[in-house]
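Only one chain is shown below, in structure tokens, and it's the form predicted on its own.
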């Protein structure tokens, strides 16, 4: 097996994007800049373009909250961006929890925690059940249920406005990924990731696999945080579908150049 590559151009690009977005939010809060204000749930770009997390919007809608025109427009904008083009890229290129998840995954390797005997199996479908549960609880308690306890929102707000006791939940998620399940939160239980998986099913931007160039080294499967999406590696050419986050780690790991970003029409036979 070839030596795996780390921190190459796509990883650095993702880190720059994630860090840049956080810094823009901080500048909007602390310096009053109009480039990006608010948080990942509700924000304004250039003090003109609203952007609303569609999952947060649904929770508020189910909770019976008053919905503004800006929230509706912001939801449509985000749905078009991710549903039509980017797919689940939010999880890998925007969400700050992704950084902690990858740190925990690498530390697991260093601590030799991911031997077969030390793994605990957790179904990746749990996140879809939790998505439905969050919407149901929003109806029952008349509040955006997942937003109240979302590690994504807590971490992002903490980085911008300062942490309270929310840091304890972030630490718990990090330890869950480190000790219990590799990529446990993002890959198994996060309902926000499940939501972007659903809306991004037919997005144009995908990773494509060239079976003819593939030597079946399986380095891509070592680094992929959503391993089931690579089920066709070494078997047939085609687009990587399912819960793929478009992180590009498989592209970086592939010395055969058998994987690449591509624009693929999902309705084309």
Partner chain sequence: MSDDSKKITRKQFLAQSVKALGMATVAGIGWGSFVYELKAAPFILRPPGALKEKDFLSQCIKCGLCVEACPYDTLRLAVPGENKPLGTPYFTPRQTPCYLCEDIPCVASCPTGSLDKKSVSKEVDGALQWDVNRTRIGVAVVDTENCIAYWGIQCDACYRACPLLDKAITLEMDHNERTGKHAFLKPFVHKDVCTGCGLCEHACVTEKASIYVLPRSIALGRVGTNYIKGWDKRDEERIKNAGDNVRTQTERSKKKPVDYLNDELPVDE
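Fair warning: this is a prediction, and the values are worked out from it, not measured in the lab. Positions refer to the first chain, counted from 1.
Just so you know, the form predicted together with the partner chain exists too; it's not on screen, but the next bit is about it.
When the partner chain is considered in the model of the complex, residue 38 lines it closely, a heavy atom lying within 4.5 Å.
Taking the partner from the other structure, the partner chain in the model of the complex has a heavy atom within 4.5 Å of a heavy atom of residue 68. Remark: residue 142 counts among the residues lining the partner chain in the model of the complex, judged by a heavy atom distance of 4.5 Å or less.
Within 4.5 Å of any heavy atom of the partner chain in the model of the complex lies no heavy atom of residue 229. Scanning 243, 207, 56, 224 against the partner chain in the model of the complex with a 4.5 Å heavy atom cut-off leaves one residue, 56. Across the options 78 to 86, 171 to 179, 93 to 101, 147 to 155, residues that bring heavy atoms within 4.5 Å of the partner chain in the model of the complex belong to 147 to 155. Judged against the partner chain in the model of the complex with a 4.5 angstroms heavy atom cut-off, the residues 28, 52 and 130 are in contact without exception. Annotation for 158 to 175: interface residues with the partner chain in the model of the complex are 160, 161, 162, 163, 164, 165, 166 [heavy atom within 4.5 Å].
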